[in-house]
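The form predicted on its own is given below as one chain in structure tokens.
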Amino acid sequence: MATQIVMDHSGDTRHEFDPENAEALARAERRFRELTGLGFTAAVRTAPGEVTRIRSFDPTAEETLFYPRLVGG
């Protein structure tokens, strides 16, 4: 099972999907495109305590984190 974690002002929402299921994988890729299109940054965990920003959907990622663009100053 893979997980997409979407952070926002109220906390986080987790979307789990089976990467072996074509329909679930398509929904996850669609969610990735929608969120990054809205300005969310996508990152995958590469090691304990380390993440790497990604710009395209990675169907092999066990966990993808989305966090909103920071606004303010």
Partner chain sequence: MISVFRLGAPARARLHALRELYRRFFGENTPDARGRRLLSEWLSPAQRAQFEQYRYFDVVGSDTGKRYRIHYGTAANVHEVNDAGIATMGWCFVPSGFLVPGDVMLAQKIALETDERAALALANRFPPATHSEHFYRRPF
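Positions refer to the first chain, counted from 1. A quick note: this is a predicted structure, and the numbers were derived from the prediction, not measured.
Quick note: we don't show the form predicted in complex with its partner chain, though the next part is all about it.
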In the predicted complex, does Ser10 have a heavy atom within 4.5 Å of its partner chain? yes
Can you tell me if Leu25 lies within 4.5 angstroms of its partner chain in the predicted complex, counting non-hydrogen atoms only? no
Is there a non-hydrogen atom of Gly37 within 4.5 angstroms of a non-hydrogen atom of its partner chain in the predicted complex? no
Using a 4.5 Å heavy atom cut-off, state whether Met1 contacts its partner chain in the predicted complex. no
